[in-house]
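To begin, one chain is listed below as structure tokens, in the form predicted alone.
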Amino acid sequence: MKQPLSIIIIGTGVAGLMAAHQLADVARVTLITKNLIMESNSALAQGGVAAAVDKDDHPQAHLADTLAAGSFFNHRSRARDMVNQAPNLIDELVELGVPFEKTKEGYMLANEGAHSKRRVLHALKDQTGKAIVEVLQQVITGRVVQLDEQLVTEIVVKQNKVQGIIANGCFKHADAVMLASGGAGQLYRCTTNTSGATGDGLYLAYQAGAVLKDLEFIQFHPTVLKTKGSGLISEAVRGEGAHLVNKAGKRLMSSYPRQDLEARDVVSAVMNQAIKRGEDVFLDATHMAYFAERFPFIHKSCRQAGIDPAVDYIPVEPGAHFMCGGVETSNVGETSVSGLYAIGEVACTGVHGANRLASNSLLEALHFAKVAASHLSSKDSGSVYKQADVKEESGHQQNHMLPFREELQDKMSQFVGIERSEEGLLAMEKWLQSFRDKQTTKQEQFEDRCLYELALFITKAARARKETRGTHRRMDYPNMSTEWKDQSVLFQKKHTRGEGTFE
């Protein structure tokens, strides 16, 4: 008789929740998060879900925009599958109860950067991620085990087969582990990510033997509210007519073909240049009489910061937003470790290429969660786990000092941010390596260890890629290189393939 798999999903954003929903009736699912269930980048997502649902749109046009935004570095067949399935995914979410906004003619569709058509669906005005998270949370209640405040410090692997995890110092058995733990925005001083986005999943996967890929492609969102506590200003605001301006009111993007709706890598780079010249940058929405009604959450954030969008320019700056690279996966979400899957931002599916198209993140997370869950559903329980073989404590001891997190964030922002150079990257790498020589007996925080190791990987990858492509901008190599067109920088523990290889 077929035995149901025991599956642990790490992370409670839309990827983890969708996978839990898909697997709940065919497997024994445990959903784990180190924070509270509702705390995730997904729940903060103001942007919507991109899908070619309009009669004048087509998935082929959605694909073309995805590839162009990604500097044609994308995994084309996976990107094609994703956009083709997007309309069906929207139907499924609506059936589950997600209240996408509609007009008499159909869905209300927004425009965002680098899209050739209006194709972004929103729910709860500017809180689409929250709307999807709440619905998925509701449909899995009572069907899966949910554990919050569980810090996972190790994925236990034996003979390249997942055995389970160590969470809060205790071993938990699993036939399969699915990482859905998000990215690492906390590497940078300014970020749109939650405080829990410390790259744990990437570090855990690397330690387990999986491959990390394309880490140098870090997307910066152009419009983060430049106030204490910050906060994202959705790209949909520019899609509805807001402009980026300097203090004198001069528009920054007026000379570009798409103006304020260029791809995020382009807009962030222009803003970064202006900031380096000493200019302050603002979002001008004073002409948008409907701002408060259309963007109530953003309007509330502005007012709490003492800004009235009806009369004031909104101060903004670029902030770390999304990792286009991550844990290398197959077409069905498998990593190179048997029984270990990765979905959502922690994964590198390749669909985003070198720069993600706006509102493709929720789409990717939901689509590949379904694909991975479907693949897992077809498997029998094949675990050979024996508890006596597994230690009940973390096996990774840090025996050197780590930098203070704020100092790490400042240096990453300075040397491995929007603009990079050999001089800065080399200085950063040497600074990071210097901590290896500083022995300590201090018990370091696990999250700081993850951030440190990821910072080193990203810096090395950025040094290796001697070209400018998408979000990776080398001031000393300002053009795309045909040599690097099909190459990726990979990291895997030395006992397997070797650190810092190129394929």
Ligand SMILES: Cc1cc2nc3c(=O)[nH]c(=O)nc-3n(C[C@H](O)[C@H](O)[C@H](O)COP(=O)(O)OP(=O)(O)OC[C@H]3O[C@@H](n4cnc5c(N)ncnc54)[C@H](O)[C@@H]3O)c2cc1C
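Treat the numbers as computed from the prediction; the structure is a model and nothing was measured. The first residue of the shown sequence is 1; numbering continues from there.
Same protein, other form: the form predicted in complex with the named molecule, not shown, and the subject of what follows.
Contact between His367 and the named molecule in the model of the complex is not found at the 4.5 Å heavy atom cutoff. A residue is said to contact a partner when one of its heavy atoms sits within 4.5 Å of a partner heavy atom; Val327 fails this definition for the named molecule in the model of the complex, lying far away. Put simply, Val177 is far from the named molecule in the model of the complex: not one heavy atom of it is within 4.5 Å. Heavy atoms of Leu232 reach within 4.5 Å of the named molecule in the model of the complex, making it an interface residue.
Among the residues Thr471, Thr459, Thr66, Ser40, the one placing a heavy atom within 4.5 Å of the named molecule in the model of the complex is Ser40. The partner is absent here, but in the model of the complex a heavy atom of Asp200, alone among Asp260, Asp214, Asp265, Asp200, sits within 4.5 Å of the named molecule. Heavy atoms within 4.5 Å of the named molecule in the model of the complex belong, among the stretches 359-367, 306-314, 249-257, 103-111, to residues of 359-367.
In the model of the complex, the residues of 13-44 lying within 4.5 Å of the named molecule by at least one heavy atom are, in order, Gly13, Val14, Ala15, Gly16, Ile32, Thr33, Lys34, Asn35, Glu39, Ser40, Asn41, Ser42, Leu44.
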